[in-house]
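Two forms, one chain: they're shown below as structure tokens, one block per form, named structure 1 and structure 2.
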Structure 1
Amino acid sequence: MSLKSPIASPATQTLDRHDERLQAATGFIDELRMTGRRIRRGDIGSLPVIIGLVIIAAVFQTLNPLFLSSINLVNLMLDSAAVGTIAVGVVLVLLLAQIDLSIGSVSGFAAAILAVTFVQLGWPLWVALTLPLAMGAAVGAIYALLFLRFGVPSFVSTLGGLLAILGFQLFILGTNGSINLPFDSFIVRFAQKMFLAPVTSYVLVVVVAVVYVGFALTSAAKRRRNGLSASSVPGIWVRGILLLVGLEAAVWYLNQSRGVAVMFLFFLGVIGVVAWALRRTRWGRAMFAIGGNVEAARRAGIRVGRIYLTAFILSSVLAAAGGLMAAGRLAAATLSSGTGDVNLDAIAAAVIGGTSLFGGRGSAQSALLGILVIEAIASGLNLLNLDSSIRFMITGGVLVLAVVVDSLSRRSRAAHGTA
């Protein structure tokens, strides 16, 4: 005798759909409550930076309608990529409550090595690009050695590195002081002329949204299995749809001009890889643990020395990569490469974006938000034909404000026992 499963009546099906909608609504309400509790505890994340970006865009768009034009936004993204890549490396050392003051000099020296080896010595481009990255790794390893073996504070060692590496840059560039890169070389085309075809950009956005939803659903399911709170499935799908629509609209708007720059995508790729490593790997968890309490991390069995070594190496390698991108953007390496405001902009971008100077809190995405703030201010003031001195004053004020917000949020977290 076989038993047939009963067929649900229309009334039962209606009740089931009602229950699903009720569960979804309850999930959204729970997420909103969790967000409110995090904000009250001082865990405000990137919210102040996003609000600041909106205010900056609204003000400059009001003063000059060209600010949000597709042409200006494409240029803004291109200008953000090089220093933004350097800022990602700064985030890593700041997470350990350290600092690297030589990132500008490393980027300038990398540009000089590229120009001398590729243009003057005629070496293959891949060698001329690899050598500066190896130089960056060696510099970072030296900083880590000085810190771990001799206890030299990173502030002192990297300040000394700033001066010494700048001297190497001036030495190899010689009396000419400037070496132009061929306009038909890959590095120049990469930094100036490579843009995605419109169809490719739209497809890429779909892939990004699908990957985001897939990772979010997997992570939520894993947290539920471990008895932890997790985002609701309807909430994840809504965020995925909003992400898809928002990115497609942004890409469509950029395609009204030259489109999506490949160099900016490279910058986003660096952020994605570093963000994944920080959040999904044992190395990333160790970074946050050491930044929060180095002695507790050491007692927990974390190999602190290796983490410091990798952080300093990655910081210098990303600084060298940013210098190569800047050289391609300028199509030259000069005595001023890596000098000026490169150092301050990269460090300010990391801090403004939400990475704490006290260590233990931050994200790779903060480099993106911070550099967009800095470049948006610079772009807006240039459109208004205002002096660069005003840009430095505004950027300095924003930097101080970011540190004040971080300090207040730390106090709030400490008061709630979540520091």
Structure 2
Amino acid sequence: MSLKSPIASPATQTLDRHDERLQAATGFIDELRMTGRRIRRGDIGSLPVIIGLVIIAAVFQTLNPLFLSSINLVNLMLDSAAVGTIAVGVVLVLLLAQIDLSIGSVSGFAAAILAVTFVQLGWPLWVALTLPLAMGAAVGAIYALLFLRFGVPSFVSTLGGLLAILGFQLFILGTNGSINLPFDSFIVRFAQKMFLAPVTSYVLVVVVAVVYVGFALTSAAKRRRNGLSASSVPGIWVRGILLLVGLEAAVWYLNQSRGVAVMFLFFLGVIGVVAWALRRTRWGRAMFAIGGNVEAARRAGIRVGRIYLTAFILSSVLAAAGGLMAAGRLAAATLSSGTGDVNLDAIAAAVIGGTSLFGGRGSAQSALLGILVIEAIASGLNLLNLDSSIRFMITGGVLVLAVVVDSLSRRSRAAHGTA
């Protein structure tokens, strides 16, 4: 009979590393080793989608060397911004296990409002840009109301919205059909012609890297002060320098062509703000909680209704913003604005990027990764000279393959029990 515990407790230093069953890194070299082990285990966050993206890029590059040319990459970024912005909104509703099928219609209606008020009625641009966003907010509020007061599932209410809002779009464009936006108007220049001056772009990258390092160092220090484990200081510096060099190189390459598009930066800005809101604010915490277990969130005293309301509103507002960006890019609002693949592309982007349809799992960044996959496929196929039928087949196939990479690794993660 053995009563003495055979296990000796190791000396522990931090609050969160005292459990002997836990393997954890304690220094920079150790961190590297753990990262290696994590990657081998498949526990690598959004890396797999990035790998899918790299594979897509490599294949298209061998098929047509223009694919990775800076000029094409600039186009790719411009093409991604509008639908990508819409996809960020989709991420928000998906996090709550809801859906928004009317993003396409809202984006089209927003473009129509912009064109009618700005071009036909000659209203000032800021009004013509604000009005569509207000329309989006109103639409989102209606969905939230229908859901919260009447329990109408968002699939149905937004399906109704899809149809009804398309009706409004046709109605206000009705007599004239499509309307051109002047090429020298702010919105068109923003979407087509505004690029950072090279110097500005290099400086911006430095600022980003400095902010990253500063932030990481401060919070590591704070963690240590509070007796918690933290990333090693050399590790932070190495990552900061890698970030700096990588981004500077990317920016330099883009500057070989037109440079860094302001609209793409705007898109990145939206992602940054939403990512912060999701991860660092109470509102974001509530979003994840509701997506994970709405009853538990309610019992924790979260005002569930308000969170739904904000998410639906933000989704529609971002859809409207995306519609304005698309209108600027096209320099027109047309009868078919928003009716094409916008819906499916935006939702697919969020899902491909790793946001779950069942709520509680996802990130703002997934919109970026997903839309890049979709637009990279489209752009790569545009560079090959294919029949539509073949183009459809390849798009479908590649889309699935890009996700297979992700899923396979997630599967291996599940086998290791960390899914």
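Between two forms, the rigid core is defined as the largest C-alpha subset superposing within 1.5 Å. Reference numbering: structure 1, starting with residue 1. Since the structure is predicted, the reported quantities are computational estimates derived from the model, not experimental observations.
One chain, two forms displayed separately, with the form predicted in complex with a further copy of the same chain being the second of them, structure 2. Once both forms are overlaid on the rigid core, the distance between the two CA positions of P234 between the two structures is 2 angstroms or more. The Cα shift for R224 between the two structures, taken after rigid core superposition, is 2 angstroms or larger.
I390 is among the residues whose C-alpha shifts by 2 Å or more between the two structures once the rigid core is aligned. In this core superposition, V400 moves its Cα by 5.7 Å between the two structures.
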